[in-house]
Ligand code: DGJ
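Let's start with one chain on its own, the form predicted alone, as structure tokens.
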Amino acid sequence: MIQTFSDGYLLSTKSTSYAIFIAENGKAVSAYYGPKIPAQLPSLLASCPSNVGPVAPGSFCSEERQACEFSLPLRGDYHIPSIILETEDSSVFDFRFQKGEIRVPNALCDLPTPHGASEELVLTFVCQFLGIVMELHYLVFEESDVIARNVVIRNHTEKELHIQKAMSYQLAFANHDDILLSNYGSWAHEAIREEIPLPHARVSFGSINGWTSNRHNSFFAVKEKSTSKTDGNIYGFHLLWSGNYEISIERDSFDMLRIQGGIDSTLFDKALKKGESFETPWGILAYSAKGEQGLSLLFQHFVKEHILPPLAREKTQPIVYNNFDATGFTFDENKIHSLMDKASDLGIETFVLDDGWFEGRKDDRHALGDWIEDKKRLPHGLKGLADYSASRGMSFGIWMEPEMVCEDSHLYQEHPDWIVRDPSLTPYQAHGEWTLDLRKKEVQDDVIATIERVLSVSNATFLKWDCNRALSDAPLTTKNGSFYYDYIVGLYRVLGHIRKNHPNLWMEACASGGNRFDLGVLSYFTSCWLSDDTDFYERSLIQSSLSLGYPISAFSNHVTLHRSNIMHRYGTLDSRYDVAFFGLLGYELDFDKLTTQEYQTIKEQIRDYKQQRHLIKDGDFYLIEAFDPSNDSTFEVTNGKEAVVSKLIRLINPTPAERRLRLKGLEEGALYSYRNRQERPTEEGKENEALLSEIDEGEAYGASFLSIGVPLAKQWNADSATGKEAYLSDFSGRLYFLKKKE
């Protein structure tokens, strides 16, 4: 709901309110963002003394002390600006409020827009004498407790206007011992949670390598020092964008925080001629008084309801098998048929053929970009494989890397001008690849046509879209200073076409592990590959960190080899499954190398997942405890009537503490039955049915789970003697299934 007052606006969701005052100097001021209030009150507006900086003629207010919704340089606001503009005559601009409008929400022309907003507020500001207009747009998602914001700049002058910086959002409020909660990482070590007390300084992070990057995810939060997992004030921020971005948090001498985020301004220069406009991506803001878990639930619901394609909300994604770890680039039709036979028998629902299926593709340095099926390897082609997969009761999926090209390819030989490069330099390669210049419409059209042809030939219902290198060698000049922005806009055009033409196509985004995992990507893709690291412990940390800002229904999780190909650490099939369960399940290993018992274990895992996977799509995820700093981690997903819980342990202890099942999201007065999934904590290479794990089962009221917890079998240690203990090893765990009794 959006309310209009004589001095501003109040945007209210189910549980929160966001108040904007229009100050006497014509600026929009952040007055309040927090628990829901019924009306906007003058007392919410902080005092604005004039003795700390320049003031406008006739004004009594210094912008230096205003909690502005946008900041401009060179007019007395000495915080980091959110908007920087330039014409041939000036870099000084002063926008004053002109009007406000409440309207039915409109989608952006070239960028993804969250769907299902209840109302939109547009505040229009005009730069006097210059004819330049700036609009602040606010979307209200009432039931999801989320506000979205972006900026539109319109040039009505005769002169060319250069936009050198345009942040999607800026929010200012008083600091209360606030802490920045973000994550950083690298390939195979993504999403490392980090908490930093905010100093009296500017703290910034982002990406300049062409995508949102695994170095920092564009999601972050700011919370009060006293905020716990379940209580206290916390603000969360997302960006509906997949390219270069920057986040800045400034704590000034008066203990005010200014938080802004948007497209990275490094070398950015977007030129607008008369009549042209520029739209920034949507920034996403949320507030919770219920701590980290409250914020997590808000974003889970928001992303599922307003970001993900309808397919991901309405249908259940199939369990997939990917052949790459089993075959690499070396396979033939018989090998794929053999894997398909076993995948079908195990209960796999979609077989995804990975890299190596097209002519000349013997490694990652050849043939990328041609996408012509290799009839020597696959005499019956992709259609033959799809038909064989269908005969085994499975659908068929295909791997592509549409944005890249190898030098050794027909595509590059025919169109050397299609790659991203500065004409004065030899472009760098990464993974033997160059990047196609998706700014160019002819390149976009060729990529679209190629994908359409492959999907048609293969009858694929699943597309794994890979992207294995960051951008480099962008031809940036003053006339081409928006290259990175224009590239992502081109990518969105391609993705929008594919999504519109194939609304029932499952699409998995993959960018060299956990790069380009953001809300922009999830506006088109149904899931995202979080990391190439599938080690039990490392993967649990990644999923824990990202669950604060994303639903687990967007996580693509695969059970892989016993010994991690990244960490070289051994883990059982069951321990890997205990982590992979909390997302969209897949398998990526060589079935032909499994023992009889391992084969049966996978069959049982898939059976159990099918019975409970509706909770992944429709339930609420709770991170009860995480490995860091604890030695244990507990994941829970529940709809209140059913629950699946994964209790994981990092290192065993010779004097272990009592094990209890403490949960969230259940009904206090309801009676629940519970039982664990039996696992095989065997030593590597051994099959020993006698080591089948303990059984923990019984009945307990929700109040017990929600308070002191329900006791579980004692963990085995040196003085155990009954034979009923839980035999846990390093990096292992248990899954528990709960069901409400009627």
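Quantities reported herein were computed from a predicted structural model and do not represent experimental measurements. Residue positions are given as counts along the sequence shown, with the first one as 1.
From this point on, the text means the form predicted together with this ligand, which you will not see here.
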Which of 161 to 169, 449 to 457, 84 to 92, 528 to 536 lines the interface with this ligand in the predicted complex (heavy atom within 4.5 Å): 528 to 536
All three of Asp354, Asn468 and Gly513 touching this ligand in the predicted complex at 4.5 Å, heavy atom to heavy atom? yes
The listed residue (Phe483, Tyr492, Tyr587, Trp399) that reaches within 4.5 Å of this ligand in the predicted complex by any heavy atom is Trp399
The one option of Phe627, Phe278, Phe97, Phe324 with any heavy atom within 4.5 Å of this ligand in the predicted complex is Phe324
Does any part of Tyr609 reach within 4.5 Å of this ligand in the predicted complex? Heavy atoms only, please. no
Touches this ligand in the predicted complex: Lys464 (any heavy atom, 4.5 Å): yes
Tell me, yes or no, whether Tyr78 is in contact with this ligand in the predicted complex, where a contact means a heavy atom of each within 4.5 Å. no
Although this ligand is absent from this view, report whether Phe329 comes within 4.5 Å of it in the predicted complex, heavy atoms only. yes
Checked 171 to 187 against this ligand in the predicted complex; residues with a heavy atom within 4.5 Å, sequence order, are none
